[in-house]
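As structure tokens, one chain now follows by itself in the form predicted on its own.
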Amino acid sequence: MKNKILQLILLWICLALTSIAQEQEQESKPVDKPVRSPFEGGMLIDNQTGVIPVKNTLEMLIQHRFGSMENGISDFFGIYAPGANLRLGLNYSLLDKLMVGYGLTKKNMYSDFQAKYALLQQTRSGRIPVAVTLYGNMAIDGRSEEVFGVNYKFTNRFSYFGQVIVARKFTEWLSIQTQGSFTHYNSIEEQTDHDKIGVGISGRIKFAPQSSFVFQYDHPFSVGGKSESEPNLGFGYEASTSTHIFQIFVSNAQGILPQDNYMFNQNDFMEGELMFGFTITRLWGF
């Protein structure tokens, strides 16, 4: 009897020691967290990035595009030229991986509703080597009914944009992403396609704790073969703090909504048809 009791006590001690060892091993094992700040914010010139602010963060965007700088110093390289475009937007992170938002753009008085979801996040250990993010929006053209012709329906105002973003932070100073997209307009001029597909590349080169060089290149492809759009090239400077991000850049696309740029951009950067622009981002945590 004593031997059985002794055996049970020894068995209990062994199980307890094993459990403690497993707990200590789990505690000492590092948590595989997402990489820090692959990009400073959710926008990079005209493109979305894979960054989504943490849950319960409100993000305000002011996106501005000046007029063409083709007249040189006479209108201060487009800053005082007509044709400026502006978008005001508000985004809210419902979850750490899900953001929704609304924006209003001066050109065509677009009202856009958008969502962005982080499907995969690059991890610090390298177990997941890239981040994969899904982005989509629906915009409503706010111009008068006469713009859409005699067979007007409210759905003629709708346009849609969907994008897959694959990004990787290579080093503390270099982050690159590629994006593939699809654009659709319900109502379009007869000589223009309803659909466009596009590919692009964007990046950030950080040269100081709060300063980076940013760039983008987007190339649209016609689906129906009726019309061609010009690629969108942009490059500029980005400054960031914990709650503010400021970008000033040069780009050849006058639109701000991505479907507008992919579908209608006719400015050729090789001909110097460029515009200054800036984006201001402000974050609030709740």
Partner chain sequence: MKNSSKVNLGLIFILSTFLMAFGLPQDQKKGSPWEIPEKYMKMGNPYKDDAGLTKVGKMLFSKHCKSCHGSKGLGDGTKAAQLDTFPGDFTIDAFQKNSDGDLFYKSFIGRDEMPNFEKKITDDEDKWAIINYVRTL
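Positions refer to the first chain, counted from 1. Note that the structure is predicted; figures quoted are calculated from it, not measured.
There is another form of the same protein, the form predicted together with its partner chain; it is not shown, and what comes next is about it.
If you check its partner chain in the model of the complex, you find a heavy atom from every one of 124, 206 and 242 within 4.5 Å.
This chain lacks the partner; the member of 62, 58, 223, 54 within 4.5 angstroms of its partner chain in the model of the complex by a non-hydrogen atom is 54. The contact with its partner chain in the model of the complex, taken as any heavy atom within 4.5 Å, belongs to 40 out of 218, 260, 46, 40. Residue heavy atoms within 4.5 Å of its partner chain in the model of the complex occur in exactly one stretch of 32-40, 62-70, 250-258, 224-232, and that stretch is 32-40.
Looking at residue 190, you'd find every heavy atom of it more than 4.5 angstroms from its partner chain in the model of the complex. Contact check for residue 146: no non-hydrogen atom falls within 4.5 Å of its partner chain in the model of the complex. Using a 4.5 Å cutoff between non-hydrogen atoms, residue 210 counts as a contact of its partner chain in the model of the complex. Of the residues in 257-286, those that come within 4.5 Å of its partner chain in the model of the complex through at least one heavy atom are, in sequence order, 285, 286.
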